[in-house]
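Below you'll find only one chain, the form predicted on its own, shown as C-alpha coordinates.
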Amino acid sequence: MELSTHEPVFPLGRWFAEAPIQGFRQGYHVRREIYQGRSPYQSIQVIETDLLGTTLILEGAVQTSSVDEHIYHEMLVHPALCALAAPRTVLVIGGGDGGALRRVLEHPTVERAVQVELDRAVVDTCLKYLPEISAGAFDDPRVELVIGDGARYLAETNERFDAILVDSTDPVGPAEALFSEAFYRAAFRALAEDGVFVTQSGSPLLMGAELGKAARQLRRVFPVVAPYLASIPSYPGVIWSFLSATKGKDLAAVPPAEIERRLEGIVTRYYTPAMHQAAFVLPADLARSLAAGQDDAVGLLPVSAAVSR
(Lines give C-alpha, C1' and ligand atoms only; values in the text may rest on other atoms or scores of the structure.)
Protein backbone atom coordinates (compact mmCIF):
# COMPACT_ATOMS: atom_id res chain seq x y z
CA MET A 1 0.00 0.00 0.00
CA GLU A 2 1.06 3.62 -0.48
CA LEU A 3 2.00 5.21 2.84
CA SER A 4 1.04 8.83 3.41
CA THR A 5 1.61 11.18 6.31
CA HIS A 6 -0.93 13.49 7.93
CA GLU A 7 -1.61 14.88 11.38
CA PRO A 8 -3.22 12.35 13.74
CA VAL A 9 -5.71 13.31 16.42
CA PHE A 10 -4.82 12.44 20.01
CA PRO A 11 -7.60 12.46 22.61
CA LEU A 12 -5.58 14.34 25.21
CA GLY A 13 -4.07 16.98 22.96
CA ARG A 14 -0.28 16.64 23.02
CA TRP A 15 -0.49 13.36 24.92
CA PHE A 16 -1.02 9.81 23.72
CA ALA A 17 -3.04 7.75 26.18
CA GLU A 18 -3.42 3.98 25.88
CA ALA A 19 -6.48 2.47 27.58
CA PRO A 20 -6.07 -1.33 27.57
CA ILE A 21 -8.92 -1.91 30.01
CA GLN A 22 -11.80 0.04 31.49
CA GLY A 23 -10.68 2.42 34.23
CA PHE A 24 -6.98 2.57 33.34
CA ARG A 25 -4.85 4.78 31.09
CA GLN A 26 -1.13 4.96 30.54
CA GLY A 27 0.00 8.08 28.73
CA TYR A 28 3.04 9.69 27.15
CA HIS A 29 3.72 13.25 26.18
CA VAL A 30 4.00 13.56 22.41
CA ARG A 31 6.89 15.62 21.09
CA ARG A 32 5.71 15.29 17.49
CA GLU A 33 3.43 13.17 15.32
CA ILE A 34 5.43 11.42 12.60
CA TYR A 35 2.98 9.25 10.68
CA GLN A 36 -0.60 8.03 10.67
CA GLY A 37 -2.19 5.66 8.20
CA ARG A 38 -4.37 2.61 7.84
CA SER A 39 -3.66 -0.76 6.28
CA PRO A 40 -6.32 -3.31 5.34
CA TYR A 41 -5.93 -4.72 8.87
CA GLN A 42 -5.37 -1.88 11.32
CA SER A 43 -4.53 1.74 12.04
CA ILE A 44 -0.81 2.52 12.17
CA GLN A 45 0.75 5.47 13.98
CA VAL A 46 4.30 6.55 14.66
CA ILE A 47 4.94 9.26 17.25
CA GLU A 48 7.95 10.69 19.03
CA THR A 49 7.54 10.88 22.80
CA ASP A 50 9.69 12.49 25.47
CA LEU A 51 10.36 9.21 27.30
CA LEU A 52 10.06 6.43 24.73
CA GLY A 53 11.55 8.03 21.64
CA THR A 54 10.02 6.93 18.35
CA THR A 55 7.02 4.74 19.11
CA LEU A 56 4.90 2.43 16.94
CA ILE A 57 1.18 2.24 17.73
CA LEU A 58 -1.24 -0.25 16.15
CA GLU A 59 -4.98 0.12 16.73
CA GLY A 60 -4.30 2.48 19.63
CA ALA A 61 -1.88 0.12 21.42
CA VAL A 62 1.86 0.72 21.82
CA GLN A 63 3.79 -2.06 20.08
CA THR A 64 7.41 -0.98 20.37
CA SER A 65 9.61 2.04 20.99
CA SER A 66 13.17 2.95 20.14
CA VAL A 67 14.01 3.36 23.83
CA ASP A 68 12.93 0.03 25.34
CA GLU A 69 12.39 -2.33 22.39
CA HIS A 70 15.54 -4.21 23.37
CA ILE A 71 13.94 -5.46 26.59
CA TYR A 72 10.94 -7.03 24.90
CA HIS A 73 12.84 -8.49 21.97
CA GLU A 74 15.73 -9.86 24.03
CA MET A 75 13.30 -11.50 26.44
CA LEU A 76 11.15 -12.97 23.68
CA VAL A 77 14.11 -14.48 21.83
CA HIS A 78 17.10 -15.21 24.05
CA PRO A 79 15.50 -17.38 26.78
CA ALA A 80 14.34 -19.78 24.06
CA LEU A 81 17.46 -19.82 21.90
CA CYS A 82 19.86 -19.92 24.85
CA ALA A 83 18.02 -23.01 26.11
CA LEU A 84 19.04 -24.84 22.90
CA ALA A 85 22.53 -26.15 22.25
CA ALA A 86 22.53 -25.16 18.58
CA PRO A 87 19.29 -23.68 17.20
CA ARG A 88 19.33 -23.81 13.40
CA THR A 89 15.78 -23.11 12.22
CA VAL A 90 13.56 -20.46 13.78
CA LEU A 91 10.04 -19.30 12.94
CA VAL A 92 8.89 -15.81 14.00
CA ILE A 93 5.18 -15.11 13.70
CA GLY A 94 4.30 -11.41 13.72
CA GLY A 95 7.04 -8.99 14.71
CA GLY A 96 6.85 -6.76 11.66
CA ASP A 97 9.26 -4.26 13.26
CA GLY A 98 12.06 -6.82 12.85
CA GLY A 99 13.38 -6.57 16.41
CA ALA A 100 12.81 -10.23 17.24
CA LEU A 101 14.27 -11.34 13.92
CA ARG A 102 17.36 -9.24 14.58
CA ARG A 103 17.95 -11.04 17.92
CA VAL A 104 17.38 -14.44 16.34
CA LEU A 105 20.11 -13.73 13.79
CA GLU A 106 22.57 -12.84 16.56
CA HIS A 107 22.81 -16.56 17.35
CA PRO A 108 25.58 -17.89 15.08
CA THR A 109 24.15 -21.41 14.73
CA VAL A 110 20.94 -20.12 13.10
CA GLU A 111 20.92 -21.15 9.44
CA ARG A 112 17.32 -20.29 8.52
CA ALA A 113 14.85 -17.79 9.98
CA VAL A 114 11.31 -17.54 8.62
CA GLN A 115 9.25 -14.50 9.56
CA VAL A 116 5.51 -14.55 8.85
CA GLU A 117 3.91 -11.10 9.17
CA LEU A 118 0.29 -10.48 8.25
CA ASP A 119 0.60 -6.77 7.48
CA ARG A 120 3.18 -5.62 4.93
CA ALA A 121 2.43 -2.01 5.88
CA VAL A 122 3.85 -2.60 9.38
CA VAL A 123 7.14 -3.81 7.90
CA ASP A 124 7.28 -0.84 5.50
CA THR A 125 6.42 1.67 8.21
CA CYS A 126 9.07 0.35 10.58
CA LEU A 127 11.73 0.21 7.88
CA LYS A 128 11.03 3.87 7.11
CA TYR A 129 10.59 5.32 10.60
CA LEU A 130 12.21 2.79 12.98
CA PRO A 131 15.00 1.16 10.91
CA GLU A 132 17.27 0.87 13.95
CA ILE A 133 15.00 -1.81 15.42
CA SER A 134 15.56 -4.35 12.63
CA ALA A 135 19.08 -3.03 11.89
CA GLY A 136 19.22 -4.71 8.48
CA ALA A 137 17.79 -8.06 9.62
CA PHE A 138 15.41 -8.34 6.66
CA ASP A 139 18.39 -8.20 4.27
CA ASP A 140 20.16 -11.18 5.86
CA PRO A 141 20.38 -14.10 3.37
CA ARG A 142 19.26 -16.53 6.09
CA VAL A 143 15.86 -14.80 6.27
CA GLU A 144 12.66 -15.63 4.44
CA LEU A 145 9.97 -12.99 4.92
CA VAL A 146 6.46 -14.28 4.29
CA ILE A 147 3.58 -11.80 4.16
CA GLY A 148 0.59 -13.83 5.23
CA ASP A 149 -1.48 -15.34 8.02
CA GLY A 150 0.77 -16.85 10.69
CA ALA A 151 -1.84 -19.30 11.97
CA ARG A 152 -2.47 -20.62 8.46
CA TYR A 153 1.26 -20.84 7.73
CA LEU A 154 1.86 -22.88 10.88
CA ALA A 155 -1.09 -25.16 10.16
CA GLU A 156 0.11 -25.86 6.62
CA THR A 157 3.90 -26.03 6.96
CA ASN A 158 5.75 -29.35 6.78
CA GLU A 159 8.94 -27.79 8.17
CA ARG A 160 10.15 -28.47 11.70
CA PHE A 161 11.59 -25.58 13.70
CA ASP A 162 13.94 -25.52 16.67
CA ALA A 163 12.15 -22.45 17.99
CA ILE A 164 8.78 -20.84 17.27
CA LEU A 165 8.41 -17.28 18.58
CA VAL A 166 5.10 -15.43 18.50
CA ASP A 167 5.52 -11.65 18.50
CA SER A 168 1.87 -10.71 18.15
CA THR A 169 -0.54 -7.96 19.06
CA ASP A 170 -3.15 -8.62 21.76
CA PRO A 171 -5.66 -11.48 21.28
CA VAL A 172 -8.27 -9.46 19.42
CA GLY A 173 -9.06 -9.26 15.71
CA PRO A 174 -6.64 -11.09 13.37
CA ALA A 175 -4.30 -11.97 16.28
CA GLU A 176 -7.00 -13.84 18.22
CA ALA A 177 -6.21 -17.07 16.34
CA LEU A 178 -2.61 -16.91 17.63
CA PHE A 179 -3.88 -17.56 21.18
CA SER A 180 -6.11 -20.52 20.36
CA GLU A 181 -5.68 -24.17 21.25
CA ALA A 182 -5.74 -25.05 17.56
CA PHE A 183 -2.77 -22.74 16.97
CA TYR A 184 -0.86 -24.25 19.88
CA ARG A 185 -1.48 -27.75 18.49
CA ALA A 186 -0.11 -26.64 15.13
CA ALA A 187 2.94 -25.24 16.92
CA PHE A 188 3.45 -28.53 18.77
CA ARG A 189 3.39 -30.41 15.45
CA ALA A 190 5.83 -27.98 13.78
CA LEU A 191 8.27 -27.91 16.69
CA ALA A 192 11.35 -30.12 16.84
CA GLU A 193 11.38 -32.67 19.67
CA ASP A 194 13.74 -30.57 21.78
CA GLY A 195 12.43 -27.23 20.47
CA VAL A 196 11.01 -24.23 22.32
CA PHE A 197 7.80 -22.27 21.74
CA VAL A 198 7.44 -18.76 23.20
CA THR A 199 4.62 -16.23 22.94
CA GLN A 200 4.04 -12.85 24.49
CA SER A 201 1.03 -13.06 26.81
CA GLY A 202 0.21 -9.57 28.05
CA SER A 203 0.23 -7.80 31.39
CA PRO A 204 -0.23 -10.14 34.36
CA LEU A 205 -1.57 -7.19 36.35
CA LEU A 206 -4.07 -5.75 33.86
CA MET A 207 -4.80 -8.62 31.46
CA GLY A 208 -4.73 -11.56 33.84
CA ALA A 209 -7.73 -13.30 32.31
CA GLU A 210 -6.05 -13.38 28.90
CA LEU A 211 -2.82 -14.71 30.40
CA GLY A 212 -4.68 -17.36 32.41
CA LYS A 213 -6.65 -18.55 29.39
CA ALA A 214 -3.55 -18.76 27.19
CA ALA A 215 -1.60 -20.70 29.84
CA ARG A 216 -4.48 -23.13 30.36
CA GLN A 217 -4.81 -23.80 26.62
CA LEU A 218 -1.05 -24.24 26.19
CA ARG A 219 -1.04 -26.84 29.00
CA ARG A 220 -3.63 -28.87 27.13
CA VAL A 221 -1.08 -29.25 24.33
CA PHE A 222 2.45 -29.04 25.79
CA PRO A 223 3.69 -31.11 28.76
CA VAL A 224 5.92 -28.28 30.04
CA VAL A 225 4.68 -24.67 30.18
CA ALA A 226 6.72 -22.05 32.04
CA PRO A 227 5.56 -18.41 32.32
CA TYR A 228 8.14 -15.69 32.82
CA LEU A 229 8.19 -11.92 33.27
CA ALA A 230 10.06 -8.80 32.18
CA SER A 231 9.71 -5.08 32.93
CA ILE A 232 8.92 -3.10 29.78
CA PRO A 233 8.11 0.59 30.48
CA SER A 234 6.18 1.24 27.26
CA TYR A 235 3.63 -1.53 27.89
CA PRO A 236 0.55 -1.08 30.12
CA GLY A 237 1.39 -1.86 33.73
CA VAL A 238 5.13 -2.17 32.87
CA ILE A 239 5.37 -5.82 33.99
CA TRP A 240 4.89 -8.07 30.96
CA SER A 241 4.47 -11.81 30.64
CA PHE A 242 5.67 -14.49 28.25
CA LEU A 243 4.68 -18.15 28.01
CA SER A 244 7.28 -20.73 27.06
CA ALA A 245 6.32 -24.29 26.16
CA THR A 246 8.29 -27.41 25.29
CA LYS A 247 7.88 -31.15 24.83
CA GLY A 248 10.01 -31.81 27.90
CA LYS A 249 12.75 -29.20 28.38
CA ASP A 250 12.53 -26.94 31.45
CA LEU A 251 13.70 -23.47 30.42
CA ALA A 252 13.90 -22.34 34.04
CA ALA A 253 16.44 -25.06 34.80
CA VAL A 254 19.03 -24.18 32.15
CA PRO A 255 22.32 -23.65 34.07
CA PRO A 256 23.67 -20.07 33.98
CA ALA A 257 27.02 -21.36 32.72
CA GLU A 258 25.32 -22.82 29.63
CA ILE A 259 23.49 -19.57 28.95
CA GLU A 260 26.69 -17.59 29.36
CA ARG A 261 28.45 -19.87 26.88
CA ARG A 262 25.63 -19.54 24.33
CA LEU A 263 25.60 -15.76 24.73
CA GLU A 264 29.29 -15.49 23.88
CA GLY A 265 29.71 -12.81 21.25
CA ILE A 266 26.13 -11.52 21.67
CA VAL A 267 25.82 -8.07 23.24
CA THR A 268 22.67 -7.67 25.33
CA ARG A 269 21.35 -4.71 27.30
CA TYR A 270 18.79 -6.48 29.52
CA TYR A 271 19.04 -10.26 29.26
CA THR A 272 21.75 -12.07 31.25
CA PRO A 273 22.14 -15.59 32.66
CA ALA A 274 20.98 -14.30 36.05
CA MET A 275 18.04 -12.48 34.46
CA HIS A 276 17.05 -15.71 32.74
CA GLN A 277 16.68 -17.48 36.06
CA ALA A 278 15.02 -14.54 37.81
CA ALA A 279 12.43 -14.08 35.06
CA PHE A 280 10.82 -17.45 35.85
CA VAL A 281 10.27 -16.52 39.52
CA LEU A 282 6.63 -15.42 39.75
CA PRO A 283 4.74 -13.60 42.51
CA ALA A 284 3.09 -16.15 44.78
CA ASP A 285 -0.54 -15.46 43.90
CA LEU A 286 0.17 -15.37 40.16
CA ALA A 287 2.09 -18.67 40.34
CA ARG A 288 -0.72 -20.33 42.32
CA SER A 289 -3.50 -19.16 40.03
CA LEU A 290 -1.66 -20.13 36.85
CA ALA A 291 -0.77 -23.54 38.28
CA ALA A 292 -4.42 -24.07 39.22
CA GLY A 293 -5.62 -23.06 35.77
CA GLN A 294 -7.71 -20.23 37.19
CA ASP A 295 -8.74 -17.00 35.51
CA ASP A 296 -10.41 -15.20 38.38
CA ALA A 297 -7.36 -15.16 40.65
CA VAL A 298 -4.92 -13.86 38.05
CA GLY A 299 -3.98 -10.20 38.06
CA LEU A 300 -5.17 -7.24 40.08
CA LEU A 301 -8.44 -6.60 38.25
CA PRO A 302 -11.63 -8.66 37.99
CA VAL A 303 -12.10 -10.83 34.93
CA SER A 304 -15.22 -8.85 34.07
CA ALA A 305 -13.23 -5.65 33.42
CA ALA A 306 -13.89 -4.56 29.84
CA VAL A 307 -10.97 -4.88 27.45
CA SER A 308 -10.73 -1.99 25.02
CA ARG A 309 -7.52 -2.76 23.13
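Source: prediction; values computed, not measured. From 1 onward, residues are counted along the sequence shown.
Missing here is the form predicted in complex with a small molecule; even so, the following discussion is about that form.
- The contact residue chosen from 125, 217, 168, 134 relative to the small molecule in the predicted bound form is 168, the criterion being a non-hydrogen atom within 4.5 angstroms.
- This chain is displayed alone, yet in the predicted bound form one of 90, 75, 207, 198 has a heavy atom within 4.5 Å of the small molecule; that residue is 207.
- Only one of 254-262, 276-284, 63-71, 47-55 lies within 4.5 Å of the small molecule in the predicted bound form by heavy atoms, and it is 63-71.
- The small molecule in the predicted bound form comes within 4.5 Å of no heavy atom belonging to residue 271.
- Although the partner is absent here, residue 79 lies well away from the small molecule in the predicted bound form, with no heavy atom inside 4.5 Å.
- Put simply, residue 28 is far from the small molecule in the predicted bound form: not one heavy atom of it is within 4.5 Å.
- The small molecule in the predicted bound form is not approached by residue 161, whose heavy atoms all lie more than 4.5 angstroms from it.
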